[in-house]
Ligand code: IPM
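To begin, one chain is listed below as structure tokens, in the form predicted on its own.
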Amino acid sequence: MANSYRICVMPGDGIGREVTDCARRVLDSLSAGGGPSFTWEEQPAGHGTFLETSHSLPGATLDTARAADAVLLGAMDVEQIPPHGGDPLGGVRKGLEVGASVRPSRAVAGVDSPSADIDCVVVREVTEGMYARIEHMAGDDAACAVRLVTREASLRCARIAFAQAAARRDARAADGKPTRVTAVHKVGVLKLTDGLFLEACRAVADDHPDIEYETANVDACAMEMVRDPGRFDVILATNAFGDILSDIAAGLATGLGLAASACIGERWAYFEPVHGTAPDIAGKGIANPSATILTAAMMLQHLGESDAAARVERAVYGVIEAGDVLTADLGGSATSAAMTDAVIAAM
């Protein structure tokens, strides 16, 4: 008997609702073939929610997310939310106790990309670092931000990185590539914070002697990603460094239009596409749904539905490679609904 899951959906802003609806359609089609089924529990969050309720993340939304089997997010317009309106993404991360963002990037047939051999995952700590939101004015003409790094958060992130590497081992071996974690730092300058981060990474690496472990300065890592992206497997980084490097990886692969991500913790996880709200095309029905559908495939994998996840991924990549039904950003003229229909048909 197929499994059934409760999924909390926060459609977000702009094109968020359009593309999350596309992903829901794809996952609902799985049950017709004997696959898992889903109960969708839609909840408000984001800038639109702030305008309606004066807060961007209602408590009931977070309660529903905690009670669900997984959470699917659409893009949110967080920049327009004033400080008193709350931080919906930060609130979800804190409320669901996630430890790291996981962002895979690889070249896809049918999409022009600067690198044909990139196939890596950036694992980024997402609760602290430069994004800890600890700032103050240091006089009339100066401001200060505190970079917070803790051993607990660093260990949690490192464990997720090594788990990702272990999960990729068989596929890497089949391609003749090593299983490797690269911890990124700037310890020559950030001696205490990155020193502590690397101590935590080394402690976790010692528990995984079967996985190669190396460290790299963030600037050298960025250069090497451009020069030889195929050498990287899993890149492990603090918050700001990981934010930047994951966008480099996406740019070397397929761009943000196909970039999926997950934020994973020990108890809960949520899944969101990397792209923004695209207000210029919101409501026109022409947004590329691929990133959100691939994000939903990551959610399936996390739920233990590996076969279903593989079906969804193969269908998306097959439609893109065929090139007949693509949205404008991929060189076609199809609507979001038409491309979603093509993915469902390919499954």
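Don't overthink the numbering: it's just position in the shown sequence, from 1. Keep in mind that this is a model prediction, so the values were computed, not measured.
The next section is about a form of this same protein that is not shown, the form predicted together with 3-isopropylmalic acid.
Peer 1: Given the stretches 88-96, 194-202, 151-159, 173-181, which is the single one in contact with 3-isopropylmalic acid in the model of the complex, using a heavy atom cutoff of 4.5 Å?
Peer 2: Contact-bearing stretch, as computed: 88-96.
Peer 1: Exactly one of Glu212, Asp243, Glu224, Asp117 has a non-hydrogen atom within 4.5 Å of 3-isopropylmalic acid in the model of the complex; which residue is it?
Peer 2: Comparing distances to 3-isopropylmalic acid in the model of the complex, the residue within 4.5 Å is Asp243.
Peer 1: Though 3-isopropylmalic acid is not shown, can you say which of Val78, Val218, Ala259, Leu252 has a heavy atom within 4.5 Å of it in the model of the complex?
Peer 2: It is Val78.
Peer 1: Are any of the heavy atoms in Arg103 no more than 4.5 Å from a heavy atom of 3-isopropylmalic acid in the model of the complex?
Peer 2: Flag for Arg103 set to yes.
Peer 1: Quick one: which residues from 259-275 get a non-hydrogen atom within 4.5 Å of 3-isopropylmalic acid in the model of the complex?
Peer 2: Residue within 4.5 Å: Glu272, and no other.
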